[in-house]
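The form predicted alone is given below as one chain in structure tokens.
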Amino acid sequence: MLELRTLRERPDDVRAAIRAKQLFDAEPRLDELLSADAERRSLRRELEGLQAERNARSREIGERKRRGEDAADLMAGVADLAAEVKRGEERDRELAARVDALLLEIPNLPHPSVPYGEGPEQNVVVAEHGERRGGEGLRPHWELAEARGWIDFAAGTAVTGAGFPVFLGDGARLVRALTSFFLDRLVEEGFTEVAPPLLVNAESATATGQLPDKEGQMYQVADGFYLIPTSEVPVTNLHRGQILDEAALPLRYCAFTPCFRREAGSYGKDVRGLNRLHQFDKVEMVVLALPEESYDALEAMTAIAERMLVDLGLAFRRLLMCSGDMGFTQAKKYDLEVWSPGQARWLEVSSVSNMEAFQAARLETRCRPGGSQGQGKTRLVHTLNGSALAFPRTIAALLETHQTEGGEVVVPTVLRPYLGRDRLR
């Protein structure tokens, strides 16, 4: 969330950000928040005056009693003041709770380098790499995978429902190979591997911005837990409520997990095969950085994901997301899309985002020299996350790009040590 000071000092900038992100429902929330905050600040000044007067009268009562004088008149006045203070304190708690709730509904500010745009058509292609293979004579991945027995979509639908495919044989081995390749590469790049829980509590989901923004996209289970939509949620929460040593930053983590999202298959997009799933695998990067270093970290994380795509032999492009297609929590975001020759279209396989201090304010994750034992003022860290990579569309592009006329798939060189062969059969 944004710090309350930002909203007080820069309301016009926040209002412009709300409009740029096309999140117009947040504008009345901002007005209500500013009104509640102004009322609370006025009330607190009034309470300070009442409390000072009550304390002064209490001292005078004590002085009179010590002198043996009657203080009944003052005692009645103090009782009235105490009742008024109590009512004011109750109203203060109500206003504080309302301000805190409304803060969760105000989006992050876009970085100045983010282009204005109302939707996906205004995203900017920053770079494109590799030669797009023509689609003539190529089978889309769902046809190829089912024909070769690598994926059983019907079985997944029968067992659970649409959007839950079953990987079999070389298909399952490909998933295992990609998992190892992605994690090994990130560990080589200096990331610490994490195996996090797949369930999180509401506090964790709120801290990273999934709640209250994305309730409809998450699976809620018993005991108030949520299945994770991405390992960003548990991993970013590892340092919730901590003061970190600036010398230890950046902290870089990677994690492989299944991910669960209810929104998959909506919005009228092509949902065949692996294009949109309710359950999918992903390796995630999470970085906690010093504010002055976070945009260098964003570029470095994006470059790591791009190098993986190069090694997998996939044509891809990098998009700089416009303000209206960036999301609630991000300050700046890149998407990486691979070319799907069997479908003749681009498929998103990675989003890499800088949240700046937006998540850290909810997490209460700060830093200073020496950490919790250090001296000086603390400051919020910056948090970043990015896919490296999401499996379903990466697999779709691999199968379609590297398929042969005989229906086999040539295994990229980087995956052969994990698969022990050069073809999927």
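Since the model is a prediction, treat every value here as computed from it, not as a measurement. The first residue of the shown sequence is 1; numbering continues from there.
Heads up, the form predicted in complex with the RNA isn't pictured, but that's what we're talking about next.
- Contact annotation: the RNA lies within 4.5 Å of heavy atoms from the stretch 65 to 73 in the predicted complex, the single such stretch among 394 to 402, 65 to 73, 381 to 389, 28 to 36.
- Shown alone here, Lys86 lies within 4.5 Å of the RNA in the predicted complex, counting heavy atoms only.
- By the criterion of a heavy atom within 4.5 Å, Arg425 is excluded from the residues contacting the RNA in the predicted complex.
- Within this chain, Val78 lines the site of the RNA in the predicted complex, having a heavy atom no more than 4.5 Å away.
- Taking the partner from the other structure, the RNA in the predicted complex has no heavy atom within 4.5 Å of any heavy atom of Arg421.
- Contact with the RNA in the predicted complex, judged by any heavy atom within 4.5 Å, is made by just one of Val175, Ala82, Leu104, Val166: Ala82.
- The candidate site formed by Arg10, Leu211 and Arg272 is entirely out of contact with the RNA in the predicted complex, as no residue has a non-hydrogen atom within 4.5 angstroms of it.
- Although the RNA is not shown here, in the predicted complex the stretch 16 to 55 places heavy atoms of Arg41, Arg44, Arg45, Glu48, Gln51, Ala52, Arg54, Asn55 within 4.5 Å of it, in sequence order.
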